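We begin with a single chain expressed as structure tokens, specifically the form predicted alone.
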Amino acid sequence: MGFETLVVSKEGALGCISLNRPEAMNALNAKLVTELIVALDEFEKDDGVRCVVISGSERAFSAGADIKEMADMTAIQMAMTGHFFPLWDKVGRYPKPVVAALSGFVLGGGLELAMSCDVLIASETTQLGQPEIDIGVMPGGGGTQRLTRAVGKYKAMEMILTGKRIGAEEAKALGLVSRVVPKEAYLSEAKKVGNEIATRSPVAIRLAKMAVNKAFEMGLKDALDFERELFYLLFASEDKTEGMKAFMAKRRPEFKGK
């Protein structure tokens, strides 16, 4: 299908999605959210896509939710429609790896979208924040939870209660982004990381992602047990056999995702 608010393409094993509302600094509205879910669904069904890269523009990954669309919504309307929440659930539980390519403004719902991804590559110009407090609300798409897990209670409190933004280097130091690169390289770097992931076993990648995510949901003992069960399970995969044979033969493995 054609998209009005996204630019969607395939580059080898990468599914590439670019937010495309330049007139609104890629603010998230219902149309964009719906289209993004559709694009992710299509890439999930495509076995040729092994990793997804989500980007915005150099000026803004996303400046947050479209306030014009939300301003007159009631609590009941918000609760009954779910508004953007299906998107956070979709990205946060997505079975394939998702790399976020960040530049410029990454604010509010834009930061929540980025934090739902698995690897965050940031341009040196990136500004990250949860400024919802400035308009009389609070983060509602996972910001209070994911930001706290990423940077700790006290920095998260400061950012959420003051609306203060942080730059890319501070975000990296806090563990909020994976790496920082020059602004002209942020998208190519994200695709490079995506391609590195895409060469690995899709089965092992999927289970490893599940295990890391469980680290934030379980106590240590249960999480270790979960990790071990997934480790054993991978010994039943064809990719495990191929990977070990290739290692012993000193050749590149050809993973099939089986």
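Note that residue numbering begins at 1 and tracks the sequence as displayed. Nothing here was measured: the structure is a model prediction, and the numbers come from that model.
Keep in mind that the form predicted in complex with ligand CO8 is not shown, yet the notes after this line are about it.
Listed stretches are 171-179, 89-97, 106-114, 147-155; the contact stretch with ligand CO8 in the model of the complex is 106-114, by a heavy atom cutoff of 4.5 Å. In the model of the complex, Ala204 stays away from ligand CO8, with no heavy atom inside 4.5 Å.
A residue is said to contact a partner when one of its heavy atoms sits within 4.5 Å of a partner heavy atom; Ile135 meets this definition for ligand CO8 in the model of the complex. Put simply, Asp66 is close to ligand CO8 in the model of the complex: some heavy atom of it is within 4.5 Å. Contact annotation for Met70: at least one heavy atom lies within 4.5 Å of ligand CO8 in the model of the complex. Proximity to ligand CO8 in the model of the complex, taken as a non-hydrogen atom within 4.5 angstroms, holds for one residue of Lys214, Arg59, Lys192, Arg228, which is Arg59. Checked against ligand CO8 in the model of the complex, the candidates Ala27, Leu36, Val52, Ala198 yield a single residue with a heavy atom inside 4.5 Å, and that residue is Ala27.
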